[in-house]
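Before any questions on binding or motion, here is one chain by itself as structure tokens, the form predicted on its own.
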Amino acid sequence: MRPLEGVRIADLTWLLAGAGGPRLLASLGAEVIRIEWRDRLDFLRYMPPFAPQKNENAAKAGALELSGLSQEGLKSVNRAGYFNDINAGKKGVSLNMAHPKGRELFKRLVAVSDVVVEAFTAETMRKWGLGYETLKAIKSDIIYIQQPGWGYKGPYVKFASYGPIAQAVSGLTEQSGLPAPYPPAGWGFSYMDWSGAYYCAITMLCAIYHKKRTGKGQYIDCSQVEPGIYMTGTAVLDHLVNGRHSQRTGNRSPAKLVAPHGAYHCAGNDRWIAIAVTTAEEWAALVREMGNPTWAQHEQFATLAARGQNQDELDRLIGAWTTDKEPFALQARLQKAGVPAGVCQTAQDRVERDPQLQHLKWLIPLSHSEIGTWPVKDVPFHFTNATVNQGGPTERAAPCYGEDNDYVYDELLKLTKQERTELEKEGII
């Protein structure tokens, strides 16, 4: 049995910050129905990498072909890797929410759902006549989660947001990179997308638990920017209490003096290894592995305090030693000697050669109606007495476009064949 078996979620999210939350609940057993429309598909469907070839036995409902697109090799919206990973375990239905008849069908879906979650700009659902009061009138115990970039209140509510913007406004970008006078480096990834997704998942779980205890639904305003502000809490507290401004530290240890503490170039194209020495014993072991160079005996490196005062030169000398070393061999060598060290892994490293991740089976093969069996990231938690995995109740990767229309429109909403035919002709489903 799955922990959320019997819970149904009407999913109007897209990209990662929104879609990542329902993804986690699908892994716990919730039936997540992903609502899309061909005229405004999720950007992730257009983003590479793409599966290398199309299976001609694709599900009929999912074989939506595209033409005139600039992306090389993109002939179908069902082969995008990011979309298939982020939406694994969900069902998919095509529905034109911009049309009044489409919104009426959506209301019928709300009537048989437990949760509605969306990641539009703040006023979109209200403009469609689908605010919380309307949804509550349809189903009194409905749980409704909004996840606009800036929340539902305040002067920024009409603005759209993406992960890098949320990171910048929250202060996270300013805290990342080398010290001044270098500019902020940012995170190099939409970090706040995943953080927003986690907060979205947590709020849904809390609301479902609350509903189970009280029988009452819930409205939740869950922005993307605010979690980023919470993640800067230490810097905010330091400024409020001590009047200190946050300073970027690059690869240096921000909390206490650790030297050496950095990432050092190795043999190969853009290959690096992180080394962090915290004790005199670890420093002595590192010196032995470096072959006891004469520079390591100098007074400027004799103590932790001295190494801290000369970190630039220390980094240069250690980097000169690591630069011709194979990173994984060096990692094994240093770890065996008792020196904390780890290769700065690429995506290929994590997928193909990381023994810990392979042992944890962090990638699991899931079937997909168009591209066949393909690996996706599993959830990072497992239960002893319950089934939890990213296949969810569908036991498959992401749905093809409109793949579960028959289930939703025939079984759940009980449309007749004639009704479906007319709605298809009108461009509603």
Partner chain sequence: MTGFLFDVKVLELADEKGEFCGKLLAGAGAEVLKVEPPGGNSTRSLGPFYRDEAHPDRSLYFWHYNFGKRGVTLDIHTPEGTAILKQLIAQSDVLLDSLPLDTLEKLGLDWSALQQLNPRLIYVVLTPFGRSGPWRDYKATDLVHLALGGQMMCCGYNPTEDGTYDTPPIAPQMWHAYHITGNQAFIATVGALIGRETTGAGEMIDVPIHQAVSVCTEIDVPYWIYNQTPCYRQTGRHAQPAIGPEVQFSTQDDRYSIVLPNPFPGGYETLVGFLEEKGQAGDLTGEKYQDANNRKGMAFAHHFSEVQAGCVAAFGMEEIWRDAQSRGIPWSPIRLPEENLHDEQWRMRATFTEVEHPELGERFSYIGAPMLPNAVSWREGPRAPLVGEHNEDLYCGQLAMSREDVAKLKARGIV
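Not measured: the values here are computed from a predicted model. Positions refer to the first chain, counted from 1. Between two forms, the rigid core is the largest collection of C-alphas that superpose within 1.5 Å.
Keep in mind that the form predicted in complex with the partner chain is not shown, yet the notes after this line are about it.
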>> Using a 4.5 angstroms cut-off on non-hydrogen atoms, would Thr134 count as touching the partner chain in the predicted complex?
In response: no
>> Even though the partner isn't displayed, in the predicted complex is Val241 close enough to the partner chain, meaning a heavy atom within 4.5 Å?
In response: yes
> Closest heavy atom of Asp114 to the partner chain in the predicted complex, within 4.5 Å or not?
Replying inline: no
>> When the contact criterion is heavy atoms within 4.5 Å, does Ile429 count as touching the partner chain in the predicted complex?
In response: no
>> Only one of 289-297, 309-317, 233-241, 87-95 has heavy atoms within 4.5 Å of the partner chain in the predicted complex; I'd like to know which.
In response: 233-241
> Looking at Thr323, Thr303, Thr124, Gln335, which has any heavy atom no more than 4.5 Å from the partner chain in the predicted complex?
Replying inline: Gln335
>> Just to be sure I understand the contacts: of Leu109, Ile220, Cys266, Leu130, which is the one whose heavy atoms reach within 4.5 angstroms of the partner chain in the predicted complex?
In response: Ile220
>> Residue by residue through 237-263, which ones have a non-hydrogen atom no more than 4.5 angstroms from the partner chain in the predicted complex?
In response: Leu237, Asp238, His239, Leu240, Val241, Asn242, Arg244, His245, Ser246, Gln247, Arg248, Thr249, Gly250, Asn251, Pro254, Ala255, Lys256, His261, Gly262, Ala263
>> Tell me whether Gly268 is among the residues that move between this form and the one not shown (Cα shift of 2 angstroms or more, core superposed).
In response: yes
> 2 Å or more on the CA of Asp238 between this form and the one not shown, with the rigid core superposed, yes or no?
Replying inline: no
> Taking the rigid core as the frame, does Lys336 move its C-alpha by 2 Å or more between this form and the one not shown?
Replying inline: yes
